[in-house]
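Both blocks below hold the same protein chain, though in two forms, and each is given as structure tokens: structure 1 and structure 2.
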Structure 1
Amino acid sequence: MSNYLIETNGLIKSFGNFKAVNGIDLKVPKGEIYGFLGPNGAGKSTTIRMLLGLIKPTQGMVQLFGRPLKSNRLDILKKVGSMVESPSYYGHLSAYENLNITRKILELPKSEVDRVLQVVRLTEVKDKLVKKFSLGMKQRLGIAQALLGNPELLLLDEPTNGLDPSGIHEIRDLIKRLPFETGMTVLVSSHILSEVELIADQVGVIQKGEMIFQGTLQDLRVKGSSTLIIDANPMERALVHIEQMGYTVQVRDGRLYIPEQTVDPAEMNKKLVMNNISVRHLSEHRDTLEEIFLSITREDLKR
């Protein structure tokens, strides 16, 4: 059996001539947090809806827990909690009543409602009508709903949307804890890399319906470039010398930039100094994950 809890093969969803999702092979390992990244409208929510059977794929296959979703939907969904896009709620009911509706369908004990209310820290407002909730509270209610019954797989679509910084922090901590405390596998979608970077083990980057990267955060970092920045005296001699060493050099603002090449900064420093060139500044600039994410999504847009 595969080690992936979620596995899709060539998943396609077309709406008329528009392909919202185009041949996605999603692979989410068991017990990990998977960050599903992509700009707004990239196809994240459509993919998640296909994972839940809300949308039927035009082509391709969805397997959850090693079984095809199409023929095992009910058994699979018993083990899945989800919050797709904005949280769903009945505004005229209280938080408790909302959760109780889901609890009844899942045939869980009443204590489960109190447990999830506590997890998302809504116990004190459990009797308040949800229409009077702030967006952040509604978001937390949506997460509580997804946590009912301690599912083995949690699908959260943009769970921190509309939350204030402390709320984001709280939800992030909660998501981070889940695989350790309950063995839960979590797929979190977001359009903000910095959010996913702090919690995910694996990431998938989707752009215009296509998966343009999938792997660990370390794999993603490798995709970034580094630039060596040198301030030397005399500049002209340093430039000639570095070019003679076979590197491409750019001169900007009185500094030398050696981009996209594997240069050992210590070795470079040594060579310059030994040639009587004084090195006043030498630093290496590595792309942040955010920059890598932006650059790969931009590259894909150009194609």
Structure 2
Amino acid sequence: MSNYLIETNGLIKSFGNFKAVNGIDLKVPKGEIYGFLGPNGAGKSTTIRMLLGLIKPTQGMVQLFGRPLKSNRLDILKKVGSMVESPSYYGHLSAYENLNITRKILELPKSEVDRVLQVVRLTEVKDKLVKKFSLGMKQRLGIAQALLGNPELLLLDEPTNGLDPSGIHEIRDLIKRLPFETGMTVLVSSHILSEVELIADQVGVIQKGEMIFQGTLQDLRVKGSSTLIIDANPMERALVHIEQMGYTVQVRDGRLYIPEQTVDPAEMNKKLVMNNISVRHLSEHRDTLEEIFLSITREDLKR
């Protein structure tokens, strides 16, 4: 049996002549948090809707729990919870009453409502009217609704959208806890890498409907570059000496930059000093994950 809880093959969704999703091969490992990243309009929500059977693929295969969604939809979706776009609720009812309506529809025991309220830490406000909730509390209530029935897979589409820093922190903390407390697999979509990098084990980057990267965060870091920055005196002699060592050097703002090359900073410092060159500054700049993310999405736009 596959180790992937979600697996797609050549997934395509066309709307007329426009391909919203174009040949995606998604692979989400069991028991992990998978960050599904991409700019707004990249095709994330369309993909999630196909994973839930809300819209049919134009072409390709969706497999959940090692079984094709097309022929096992009802059995599979009993094990899936989701929150797509804004959660739906009745503002004039309490949190408990809202969840209880869904519980009855799903024919679950009453204890389920108390369980999910505890998971999302809304127990103390369960009798408060939802219209008086903050946006962050409403998002947590939406996740609580998705957790009814204790699903093995949770799909969250932009769960921190529109939240203030406090609300983002609450949702982030909740998502991080789920695999450890329940063993479930979580796919969370976002257009903000800095948020996903704090919670995800694996990431997939989608751009213009195509998957342009998939792997671990460490795999993504490898796609970045590093630059050695040197301020030395005399600058001209340092430049000549470094070039004689076989390195390509750029001069900007009175400093020397050695880009995208394997350079040992300590060894470079030693060689310059031994040649009577004073090193006033030496540092290494490595691309952040956000810089790498922006770089690969910009590269894709140029294609």
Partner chain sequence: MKLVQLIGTELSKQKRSFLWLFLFIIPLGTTGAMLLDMVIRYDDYLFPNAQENGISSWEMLINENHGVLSWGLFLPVFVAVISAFIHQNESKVDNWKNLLSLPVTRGSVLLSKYLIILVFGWLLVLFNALGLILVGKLTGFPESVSFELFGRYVLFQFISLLAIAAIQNLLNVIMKNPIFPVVVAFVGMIVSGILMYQHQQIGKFFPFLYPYIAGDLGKFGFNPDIAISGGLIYGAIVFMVGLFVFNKKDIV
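For numbering, take structure 1's sequence and count from 1. Since this is a predicted model, take the numbers as computed values, not measurements. What we label the rigid core is the largest C-alpha set whose atoms superpose within 1.5 Å from one form to the other.
Chemist: Would you check which of the pair is the form predicted on its own?
Modeler: It is the second structure that is the form predicted on its own.
Chemist: Please state how many degrees the smaller rigid part turns against the larger between structures 1 and 2.
Modeler: It comes to 16 degrees of rotation for the smaller part.
Chemist: Give the rigid core superposed Cα shift of Val130 between structures 1 and 2, in Å, rounded to one decimal.
Modeler: Its C-alpha position differs by 4.7 Å.
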